[in-house]
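Only one chain comes next, encoded as structure tokens, the form predicted alone.
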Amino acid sequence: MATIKATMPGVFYRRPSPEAEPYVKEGGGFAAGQTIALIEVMKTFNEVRADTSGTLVRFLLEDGDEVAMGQDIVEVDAA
């Protein structure tokens, strides 16, 4: 199973705002270059983009979890 890794340390979010739907739901498909999450660093929100197309199998973090650079954040089934 492939994963997408965090490109920076910070705080992980699945959605653009607390009331919004997640960028991608578990079991949902995504395209290469699509935003799948955010990482907040010092009040700046940085998009995490998929580098390939596929299906998001499951998130490995919850909203608001601390994330380290290089940490696996989602499991994916690459197309």
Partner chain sequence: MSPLRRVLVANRGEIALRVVRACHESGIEAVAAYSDADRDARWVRLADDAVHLGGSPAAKSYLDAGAVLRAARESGADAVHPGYGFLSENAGFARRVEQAGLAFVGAPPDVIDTMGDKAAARRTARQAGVPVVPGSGPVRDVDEARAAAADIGYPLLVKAAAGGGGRGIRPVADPGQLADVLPTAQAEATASFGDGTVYLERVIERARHIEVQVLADAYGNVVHAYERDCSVQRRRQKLIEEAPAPDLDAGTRSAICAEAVRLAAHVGYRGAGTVEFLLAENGSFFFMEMNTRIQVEHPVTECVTGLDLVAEQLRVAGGEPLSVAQDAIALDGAAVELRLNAEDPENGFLPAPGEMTAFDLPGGPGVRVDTGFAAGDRISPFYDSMIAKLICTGADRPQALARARQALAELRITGVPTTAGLHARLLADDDLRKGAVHTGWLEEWAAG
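Keep in mind it's a predicted model, so treat the numbers as computed, not measured. Positions refer to the first chain, counted from 1.
Beyond the structure shown, there is the form predicted together with the partner chain, which is absent from this document and is the topic of what follows.
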query: Taking 4.5 angstroms as the cut-off for heavy atoms, does Gly70 touch the partner chain in the predicted bound form?
result: no
message: Under a 4.5 Å heavy atom criterion, is Val11 part of the interface with the partner chain in the predicted bound form?
response: yes
message: Is Glu40 near the partner chain? Define near as a heavy atom within 4.5 Å, in the predicted bound form.
response: yes
- prompt: How about Glu21: is it within 4.5 Å of the partner chain in the predicted bound form, going by heavy atoms?
  reply: no
- prompt: Which residues, if any, of 64 to 79 lie within 4.5 Å of the partner chain in the predicted bound form when only heavy atoms count?
  reply: Gly64, Asp65, Glu66
